[in-house]
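As structure tokens, one chain now follows by itself in the form predicted alone.
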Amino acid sequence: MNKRSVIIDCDPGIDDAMALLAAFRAPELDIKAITPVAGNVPLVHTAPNALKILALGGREDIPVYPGADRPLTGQAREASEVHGADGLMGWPMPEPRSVLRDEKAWDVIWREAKALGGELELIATGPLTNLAIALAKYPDLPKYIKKLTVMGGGACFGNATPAAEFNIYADPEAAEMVFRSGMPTALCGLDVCHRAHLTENEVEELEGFGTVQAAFCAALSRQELSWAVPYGTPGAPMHDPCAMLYAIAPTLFTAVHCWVGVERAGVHTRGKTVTDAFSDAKRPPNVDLVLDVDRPRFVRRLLALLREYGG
């Protein structure tokens, strides 16, 4: 199989952790780097968390390059009430042997994109600050990016506010820069992530794999289960694993090519992704908006990747 070169830009984060552990076992991916950003918790946690997840997944060969510790403008947001103060619910993690690299995330994204001559793919499961800085510093970056997959936004509802999903709300200016950049972009928002859920029985199956990685992922999923009820979701929404599986196996999903923009000025709607999939305005499309998933196939593939840790 020809592996696809990717950089994973993330803010670990319980759902980032599960997505990363799945990615480490995906034969489709050649992970060139992980570039943490402040988001679910501050960068002082997300960057070390990336190293800990690499240690747990047995992939300390992958370098980690820290990125932005704050949004482009405005105050920093975080979601420690969901992820715990350390971002990983205080779960006991292995002590990493690898260390954070000195080079900045945005410089690494540019370096790898240029070196790969247009074959680099980006998978972003946190606020898009690192990518926005890369675009500002290296305006030619879009022509060297083959594909960008983003977990963020939502066509129908929010979670950080009634209108906005957390990753976009955390840095709306960065998200708008990215969506306007011309990079081929797929957006996996709350609409599809809540369809890509794990039921309690499926979490029990995952736990039954009997590995430390499976126990960790099951605990993370149960935390997500506790937050699913207000949204009427019959299981744990797989936010970042959903985007990761889209990047790995897009045929599991259904998307519509449409225009997406980010509201940045609204008192009640700042951070909302405005999606023109169906209106009469017919704005020029810039994003593949992912709206549905073949959930049984999604679950089978996700669990199969995580089962690999027992091999």
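This is a predicted model, so every value here is computed, not measured. When you see a residue number, it is the position in the sequence shown, counting from 1.
We do not show the form predicted together with beta-D-ribofuranose, though everything after this point is about it.
Interface membership of residue 190, defined by any non-hydrogen atom within 4.5 Å of beta-D-ribofuranose in the predicted complex, is confirmed. Under a 4.5 angstroms non-hydrogen atom cutoff, beta-D-ribofuranose in the predicted complex lacks residue 128 among its neighbouring residues. By the criterion of a heavy atom within 4.5 Å, residue 40 is counted among the residues contacting beta-D-ribofuranose in the predicted complex. In the predicted complex, none of the heavy atoms of residue 233 sits within 4.5 Å of a heavy atom of beta-D-ribofuranose. Taking 106, 216, 179, 166 one by one, only a single residue has any non-hydrogen atom within 4.5 Å of beta-D-ribofuranose in the predicted complex, and it is 166. The stretch that touches beta-D-ribofuranose in the predicted complex, counting heavy atoms within 4.5 Å, is 233 to 241, out of 89 to 97, 106 to 114, 134 to 142, 233 to 241. Contacts of stretch 2 to 28 with beta-D-ribofuranose in the predicted complex, defined by any heavy atom lying within 4.5 Å, are made by 11, 15, 16, listed in sequence order.
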